[in-house]
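What follows is one chain in structure tokens, specifically the form predicted alone.
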């Protein structure tokens, strides 16, 4: 059994992994960069080691140094979390060569599913539907013209080694094809060190729906149902929910079976996610497979009662799954909102800085996965997501109202965050009715991004100012000898409160 785990990551996901390890009685090792010396995951781990300077390529992406620290600390396993080295086949291979368990799939599975072209070819062989497009990489400008003539416009050009919207270009007009190809290749080379791209038919108004997979080394593979991930900005997920309000029970069953088939064809082990695009007519197509833990895994945990990180550790320890597909059911509805240190009303401008105050929401059905606290300085070097708000309700309507309440209660001062923007999504009529796709944010931009002043907040701030002015007037009279005005409690109006109120107005 695994006794000590090094978490090759930072932020909220490192904290989340440490919590499951602690419940299992497993000791943990944190690594931290210069910027993360005071981060919460460093405080929560059993022990912590400095990994390098703040830039990720000098710290969290330094595979050799991470393995060196694992050996030094006596860790017998490494959990990569998500991002950084989580889908790096060479890192998984190096861990195994060093005699350290990699809590994730094999290097072979990562390689096979990490290359989008190879993954498409594999899914075709497995009988899983794929989006019409090129079966091989684009060989050149003449070749891309031939592909587009065969499948028709619009198309989307994608980086074979990519993800997260990088190296991706939508082409609606023939005149845009070659310039878009060159841009996609250039961006792919810059982001992934690989300029290989392929072409797919672009599906208008799709839903982005993924299925959570768990598989052990004994051939047992199950899915933990779907997650609706269609609320996106520039191909980056913003809000996720489960169950999907779009799927029918029959479609859910067929997609779940396809996801299991996709995992089995590559002899997958561990936790992974099979992602699909679903068109308006309920036709679904394989998109990609993420060979790691997903940011949005908590909503699946809420509706199934399964700790996915614990299952990852159990599978990596050589244990078989303790349940089958027939043992799995969903109960209730869960939604996740990603809180980022950005200003949504200023083109999502990053907002690093010192957090002056944090007030987290509480109550029934609310979970906060975070790593920030009062006095913590959010660094500029990493992904701007600082927290996740996850709620559960008996129904979708209850979950939406609970999320609205949680976002209202969540106060973070000192930096800009996306909470107000997310609250507007929860209030949006189309979202509340479950009628949305991946174009949701673009279609409702006027409503979601419009600047307006909260009248109730202004009234509250005016009351603070009025009370403060009344207090200072009394202080002046007391100074002149009218001591009858001195009362207990007047000093509650602090200059800080006044300044904040004036700034907000």
Ligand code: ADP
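Numbering follows the first chain given and starts at 1. In this text, all values refer to a predicted model and were calculated from it rather than measured experimentally.
Form predicted together with the named molecule: not shown, discussed below.
**Q** Name the single residue among 256, 80, 384, 162 that comes within 4.5 Å of the named molecule in the predicted complex, judging by heavy atoms.
**A** Partner contact (heavy atom, 4.5 Å) among the options: 162.
**Q** Heavy atom within 4.5 Å of the named molecule in the predicted complex: which of 358, 420, 168, 107?
**A** Of the listed residues, the single hit is 168.
**Q** Does any heavy atom of residue 235 come within 4.5 Å of a heavy atom of the named molecule in the predicted complex?
**A** Residue 235: contacts the named molecule in the predicted complex.
**Q** I'd like to check something about residue 158: if you look in the predicted complex, is any of its heavy atoms closer than or equal to 4.5 Å to a heavy atom of the named molecule?
**A** Within the cut-off, so yes.
**Q** Can you check whether residue 202 is within 4.5 Å of the named molecule in the predicted complex, heavy atom basis?
**A** Yes, residue 202 is a contact residue.
**Q** Give a yes or no for residue 54: in the predicted complex, does one of its heavy atoms lie within 4.5 Å of a heavy atom belonging to the named molecule?
**A** Answer no; every heavy atom of residue 54 is more than 4.5 Å from the named molecule in the predicted complex.
**Q** Heavy atoms within 4.5 Å of the named molecule in the predicted complex: which stretch in 297-305, 205-213, 324-332, 388-396 meets that?
**A** Selected stretch: 205-213.
**Q** Three residues, 115, 184 and 194; all within 4.5 Å of the named molecule in the predicted complex via heavy atoms?
**A** Result no, not one residue of the spot touches the named molecule.
**Q** In sequence order, which positions of 286-311 have a non-hydrogen atom within 4.5 Å of the named molecule in the predicted complex?
**A** Result: 287, 288.
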